[in-house]
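What follows are structure tokens for two forms of the same protein chain, given separately as structure 1 and structure 2.
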Structure 1
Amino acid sequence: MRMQARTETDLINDDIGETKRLELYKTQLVIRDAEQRAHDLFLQNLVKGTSHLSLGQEGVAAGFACAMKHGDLSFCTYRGHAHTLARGVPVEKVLGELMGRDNGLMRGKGGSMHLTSELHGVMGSYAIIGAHLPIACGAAWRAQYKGQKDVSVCFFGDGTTNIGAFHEALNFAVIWNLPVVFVCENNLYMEYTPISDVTAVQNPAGDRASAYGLPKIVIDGNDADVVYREALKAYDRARSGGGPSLIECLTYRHSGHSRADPAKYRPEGELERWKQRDPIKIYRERLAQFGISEKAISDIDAHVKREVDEATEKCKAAPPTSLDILTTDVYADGGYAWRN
């Protein structure tokens, strides 16, 4: 897909602007580089357990996160590294958690599927499909009840639209007019099965919207500008009492479902076609069209690479997670006592 160079008036009327564009680019790149690093570390047997990468889906994470305000809340799935990093959680904390080190975000107690940093508004990564949609409703209810202006943003996959909690949450959010934004990342597959094989409608989220009185919104998830603009609209709607939104973002994961998946079920050529529409490739071209210099872009590239390298070294040097925390924080008193 070729892009036209922007005209003088395009640049003047640009609603996004250079600073935000650089932020969108950098955010996508941090996710890309950190996740590629996570994959490399897995091959070196330094990351145990499972991990679900968002390689190829960075545009969605960056677009929604860069449109948020401080205090807005993200609710993620087990495929949550991207959304966690997009909120500014340091790469070291994320890689440390994946590597089971003491410097990890949860010191090894949660692992890849449960990244949480309340400090950054990342209110958890949930590994039971659909569970966090109602939870995001609850956070939004609190904002509404207390007159607070934050928005709860809930990310999930196409496969999640077929579980009951999705439908319960949508109806609930609409009847209570909650400031929540539901973001479906339609990467065309659940684990290994194409979503179209098991879904009654073509757009798993978009075509369900009307059942809840919501408009059908289906966007290009690989263009961070498109995502960013749609996110701003949804957040404004939520903050101004306009209620929830459901946004389906079309995208594609470059790697398998989880680290164990070679993704052999994909038809030939599909991955290559989507790589033509790699969100980072699209965004580099976008930056160039808006007159941002090669130098500025390569400076960011180098900066991000350095950040990920340094984080990796710190994690390799960090001690393993401590046995002292084995039984802490089961209950609010800090321990696990259930009897006297």
Structure 2
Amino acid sequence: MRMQARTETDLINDDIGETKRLELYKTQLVIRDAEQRAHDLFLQNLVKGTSHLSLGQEGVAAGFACAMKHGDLSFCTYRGHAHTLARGVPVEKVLGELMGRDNGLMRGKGGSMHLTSELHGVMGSYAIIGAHLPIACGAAWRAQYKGQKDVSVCFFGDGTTNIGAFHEALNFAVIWNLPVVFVCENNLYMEYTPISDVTAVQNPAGDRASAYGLPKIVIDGNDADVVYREALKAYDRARSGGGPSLIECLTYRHSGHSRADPAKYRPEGELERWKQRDPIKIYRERLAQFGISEKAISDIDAHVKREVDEATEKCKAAPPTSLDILTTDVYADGGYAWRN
């Protein structure tokens, strides 16, 4: 479909701007290429264990991360590669961790489901459904108590909305007026089950917001511009003392729940329909709409491909995690011995 050219007035009134748009595009592309490479490395038996990819959901991670300020905190689920990369963690560190190499983000000890980088504001990926929502509240409570201006942003899947911790965390956040933003990535499936089959409302997060005195916010999670704008509003509200937000982002994962899932339960044609709204496809067209040259776009494509290729080779050459660190960093003092 031929896109209608933007007028000079449209370009002047663009609230996002070329620099931020290129950042949004590059962030989505880094996530896509790095996760696709993780998939390929898994098939080569170089990624051990399972992994949960966000292919098709890049718009959510990019939109929220590009709207954050330094010091803001991200809390992720086991599907956390995208959010970790979006906060600026190098591809080499993420792939190295997935491959169990010593150059990994956590020297290969955490693996796919436990990515953490305090330096980048990534406060952990949590394998237990809903476990991180109360923790995000705790981090936000700290900011409020100390008069600091950072915002805690908590990402979770649609299935989490049927977990008790979701409701407890929302209630707590509203009661204490905390600077926390809850982001539901509704990709239609809670593991292998359609969320609509087991939930009493159409929008599992948005339709429950009113129970906690929050507005219903349901947005297109595949359009990074839409996500970015909504994130800015939520962050401004949190920083100014306006309290928490609950945002439901409608999106879709292109692959199964994990590498062990062939996703045979999906209706015929559903994946193909959603791929027409691939967030990266949408954004490439968006860049062209706003007059950004094909060369500028292609340069980003080439740069990201080179970055992922170089990271892959470094990880392949890196040594596996040493057994010497097996029992280190288990507790806060760096040791492993149990204490009463």
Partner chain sequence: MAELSYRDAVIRGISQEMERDQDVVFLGEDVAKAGGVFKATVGLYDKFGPLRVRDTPISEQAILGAAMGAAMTGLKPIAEIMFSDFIAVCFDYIANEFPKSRYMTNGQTKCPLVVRTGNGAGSRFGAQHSQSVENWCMMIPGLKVVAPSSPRDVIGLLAASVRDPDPVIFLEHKSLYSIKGEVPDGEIVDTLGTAKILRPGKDATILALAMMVPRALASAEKLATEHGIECEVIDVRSLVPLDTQTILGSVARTNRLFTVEENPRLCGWGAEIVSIVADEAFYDLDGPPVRITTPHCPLPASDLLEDAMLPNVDRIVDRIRRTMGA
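If you superpose the two forms and keep the largest set of C-alpha atoms that fall within 1.5 Å, you have the rigid core. FYI, numbering is relative to structure 1, first residue = 1. This one's a predicted model, so the numbers in the text were calculated from it and none came from an experiment.
Where the criterion is the form predicted on its own, structure 2 meets it and its counterpart does not. The Cα position of residue 323 differs by less than 2 Å between structure 1 and structure 2 after fitting on the rigid core. Relative to the superposed rigid core, residue 333 shifts its CA by 3.1 Å between structure 1 and structure 2.
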